[in-house]
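Only one chain is shown below, in structure tokens, and it's the form predicted alone.
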């Protein structure tokens, strides 16, 4: 399933890499439910969020500057940062 990472830049503790925000990738696998680290960092009662491994082509991440455009990078991203494409 194709997904896009939200292009949000909220203040504070965020676990989603900035260089992947706004980029489109494909879910490689579901990892499971974990406490939301964004809430946990501020000692709020963390909600359980689904963590997913998302695969991005280097050409999507770095555009024309990608050394090997068909190589991939995988990142673990919480579901609330993703939207279906």
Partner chain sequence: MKDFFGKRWHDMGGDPAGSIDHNQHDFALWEKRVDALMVLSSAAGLMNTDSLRRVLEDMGTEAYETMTYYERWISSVSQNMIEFGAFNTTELAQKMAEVKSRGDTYGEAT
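Residue numbers count along the first chain shown, from 1. Just so it is clear, the model here is predicted, and its values are computed rather than measured.
Beyond what is shown, the protein has a form predicted together with its partner chain; the following relates to that form.
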**Asked** Does residue 23 reach its partner chain in the model of the complex if we count a contact as any heavy atom within 4.5 Å?
**Response** no
_With a cut-off of 4.5 Å between heavy atoms, is residue 63 one of the residues that contacts its partner chain in the model of the complex?_
no
Can any non-hydrogen atom of residue 59 be found within 4.5 angstroms of its partner chain in the model of the complex? no
Residues in 32-57 that come within 4.5 Å of its partner chain in the model of the complex by at least one heavy atom, in order, are 37, 40, 41, 42, 43
